Structures are given as structure tokens and as C-alpha cells.
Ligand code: NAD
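A lone chain, given as C-alpha cells: the form predicted alone.
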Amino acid sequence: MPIIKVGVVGFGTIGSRVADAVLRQPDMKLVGVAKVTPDYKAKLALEREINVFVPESSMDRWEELGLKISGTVEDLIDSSDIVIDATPGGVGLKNLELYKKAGRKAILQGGERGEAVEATIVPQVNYHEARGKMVVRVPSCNTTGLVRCIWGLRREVGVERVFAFLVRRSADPADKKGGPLDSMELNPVRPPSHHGEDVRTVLRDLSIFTTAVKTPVTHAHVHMLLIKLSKAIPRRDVVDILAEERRVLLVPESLGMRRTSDVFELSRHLKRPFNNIYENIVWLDSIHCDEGWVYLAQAIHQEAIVVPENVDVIRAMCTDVDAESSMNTTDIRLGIRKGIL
């Protein structure tokens, strides 16, 4: 099978992690990354022998600092079979003209509007919809986490309604823009939040109501879900379904897991790159069933959860590899777990 040549445009929170994940895949080659700012991330990427491409207008600045570049952003696009655009929200849509002009396939991230792409993909659900497409979107961290958790129950039992309350981190750890500090912010004040509508770009006919609050933390979102199943089933069956769901990891309180900080301590002991948690972390003891309603709480690492999704969508768009084979390869290469810890 030919090696897929992948270019990553944007080397921040998501782009750096996706580039690292591509390097770990047996059927992919990282052509390089595109970056605007000549900073420590760029220097360290060059030390790892990752090719760095920059806008033509900033080439002189990079050369003045002694940072070796491999060409322009256009050179990266021309040398790639597919481009992962991991730029800030709104920038990806502007970059689409570059990808279309070069005739290259592109994957955008959740910060872009769903209606601007041909499909929004969460591989467990609709991997096949990326076939033959030129522009596909991987949804946001919150949407991906909600879809993964709901999908298993919907597939195995049926889901009538979902209510989700999201406790959101206010910014990523490296985000210097901040806010809110020493405060919690209704986001939005008037519900519903946008997350439910975004979930419906994948689970199209799902009845879901979401609302959220932003909190002064930088690591992880917490989702509290109330799910009405099509029929009542015992708690043990709910646990079994979630334990079998790919990229969902159940953690028991008895092992000292009750805080998001415990989740990140787990990532360190797993020796994950960037301390990534690719899985939904569902607190096992939070699962409660009552007459067809299921309540549970889960943590979502906003920096890492969409990384395996991007890798799978590369295969879906560029090869005839089936969904299960792709996800198996991705999960093995990234050390992704499922079941009960």
C-alpha cells in the first residue's frame, strides 16, 4: 500500500499532537508542518528533523534567526497527498482556497463551520462518509466526546433524548488570552449551547439539549449527561456497553480517580506524549440508572481527544482501508485503551 504523504498546517495545540501521531503510523509520512511564528516549538520540531514550512512573507525572519526552513506553505501543500489544517478557528476556511487550488484533500477542525465542509466525521459512527470527499471536518473536542459516549448506547439500545451539561475549561494551558479568572461564566447565558447542534452533524436525528459553563481551569472539560434510553436496562448492561466502546475508558473511584488532576497524573504514568488522554474518561461510579434514564460524568482532554479521529479520517479519505482496520492501527500505535482501568 502506498505511503500517505501528510502535511500539517498549524503547529499549535492540535497540530503538534496530530503531527506526532502521524509520525507513529506505519502507512503515513509526515511531509512537514507549516508555522507562522519562529519560536521554541519550531526549534524543537527542527531538532526532531521535522520539516518546517512558512509563509513566503516571513522567510527572511526565520533565516535571520538561523532556523532552517524547507520552503513555503504552498510547497508543503504541493508535496502532500492530504493536509490537516489545525489553524485557529476561521483561518482554516480562508486556507481552503490554497488547498482547492492545489487539488489537495483537506481535513479541518471543529472550530470551522460544519456547513462549510462535505462531511463531519467521528470514525466510530460515520467513517465511510469521508470516502471520495475533498474537504472533511473533525468536530470539536466536546462534540467528539459526546458522540463517542452516546453512540454505543444508541447503537446497542437506542436513545430517545439527551441532556448534557458541560463544565468547560476556559483556555488551553499555553493560551495567553486567558479568562475567566476567579469566576465561572455561563456559556451561553441563554441555552442551548452550540454543542447539541454540532453533535447532530454526526448523529443527525438525535434529540439533544446542551448547555455549558466556563470555569477557571486549563485542563479538561467535564460532561454530565442524562440519557433517556429506548428501553430500561440494568446498570451492569450500561457499564458493559461503555466498557466495550472504542476510545472510552471507565475509571473507578476505588483506584483514586475522582478529579481531572487524577486523569492527568494517569497520563504521565502511561508515558503518553504531551500527556495526552485520547479516551473519554468516564467515572465508573458516576453511572446511575433509573427507569430508562442513565446519568454519567466524563472528562474530556480538549488538547488530545480529536487526534485519533484526524488519523483515521486521513485513511478514510486517501485509502480503501475499512473503519475497524484503521481504528485498530491508530489505537495500537497511540496506545489507546478501552474497558475498565
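For clarity, every value in this text was computed on a predicted model and none was experimentally measured. Residue numbers run from 1 along the displayed sequence.
Quick note: we don't show the form predicted in complex with this ligand, though the next part is all about it.
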**Asked** Using a 4.5 Å heavy atom cut-off, which stretch among 195-203, 265-273, 145-153, 166-174 contacts this ligand in the predicted bound form?
**Response** 166-174
**Prompt:** Is Gly89 close enough to touch this ligand in the predicted bound form, meaning at least one heavy atom pair within 4.5 Å?
**Reply:** yes
**Message:** With a cut-off of 4.5 Å between heavy atoms, is Cys141 one of the residues that contacts this ligand in the predicted bound form?
**Reply:** yes
**Prompt:** Can Pro123 be called a contact residue for this ligand in the predicted bound form at 4.5 Å between heavy atoms?
**Reply:** no
**Message:** Within 4.5 Å, heavy atoms only: does Ser79 come near this ligand in the predicted bound form?
**Reply:** no
**Request:** Counting non-hydrogen atoms within 4.5 angstroms of this ligand in the predicted bound form, say which of Val36, Cys289, Ile69, Ile50 makes the cut.
**Result:** Val36
**Prompt:** Between the options Asn95, Thr215, Thr260, Asn187, which residue brings a heavy atom to within 4.5 Å of this ligand in the predicted bound form?
**Reply:** Asn95
